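A single chain comes next, written as structure tokens; it is the form predicted on its own.
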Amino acid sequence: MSIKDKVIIVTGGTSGIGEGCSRHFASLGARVVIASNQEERGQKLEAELRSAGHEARFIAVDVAKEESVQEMVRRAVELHGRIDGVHCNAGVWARGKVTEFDEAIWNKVMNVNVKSVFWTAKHTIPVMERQGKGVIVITTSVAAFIGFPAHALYCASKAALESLIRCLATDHAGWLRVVGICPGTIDTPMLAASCEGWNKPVAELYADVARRIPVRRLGQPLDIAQTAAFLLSDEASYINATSIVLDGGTMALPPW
């Protein structure tokens, strides 16, 4: 399996799963474009990876805005002349039932989690089509399939991505592959934020969750990055229009 020299854009590439993917892809010899709205973190990550001898460039982007995504793609092509793969990782989370949300929260979650993937696909697909080949990997979530309490909007946004994966793959069949990764409980800043308000320390909550997962541990960003690297490689050329669940066996659990 190799992604050496492939040009890969990682959106949300400065934190959590995205950062783990940026680091791992670069370590495998990919030419990584780290795309994020966290400019200071992005510049530091670029400098760190380049000082280690890796090919990495940071591009500031607001993935919820089409013109910003279009500029990101333009700059990536300007830097490298092509785009072999995109890993869409940017995401936000909001707690609540539908009765607790307003339009502002709806727009924030849907714009980042769903619309950003639309814009990224819209502007990278023409580049890939000219090349005759490309791969888009989209980070969804087991939340697309499970009705997590007080996660109505987040779950809905991730379910939308599952449908989008199938549509993109069939609309651009023959040269574009589109695959989803559905993480379970991954040790990221977003997971830590979801623990706010509980009456237990985060470490205790994590330990309790880990005991319930069949593999008996939380997932790590590297778990996602290793799978994403394979999906972006030519060795995964027959994996298309589907999603890979990476949850340590969580969805196999009975409800008791």
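Nothing here was measured: the structure is a model prediction, and the numbers come from that model. A residue's number is simply how far along the shown sequence it sits, counting from 1.
Another form exists, predicted together with a small molecule; not displayed. Remarks below refer to it.
Novice: Of the listed stretches (22 to 30, 225 to 233, 195 to 203, 35 to 43), which one has a non-hydrogen atom within 4.5 Å of the small molecule in the predicted bound form?
Specialist: Partner-contacting stretch among the options: 35 to 43.
Novice: Can you tell me if residue 62 lies within 4.5 angstroms of the small molecule in the predicted bound form, counting non-hydrogen atoms only?
Specialist: Residue 62: yes, in contact with the small molecule in the predicted bound form.
Novice: Residue-level contact is defined here as any heavy atom of the residue lying within 4.5 Å of the small molecule in the predicted bound form; does residue 140 satisfy this criterion?
Specialist: Within the cut-off, so yes.
Novice: Please check if residue 9 has a heavy atom lying within 4.5 Å of any heavy atom of the small molecule in the predicted bound form.
Specialist: Although the small molecule is absent here, residue 9 would stay clear of it in the predicted bound form, with no heavy atoms inside 4.5 Å.
Novice: Please tell me whether any heavy atom belonging to residue 184 falls inside 4.5 Å of a heavy atom of the small molecule, as the geometry stands in the predicted bound form.
Specialist: Yes, contact at 4.5 Å.
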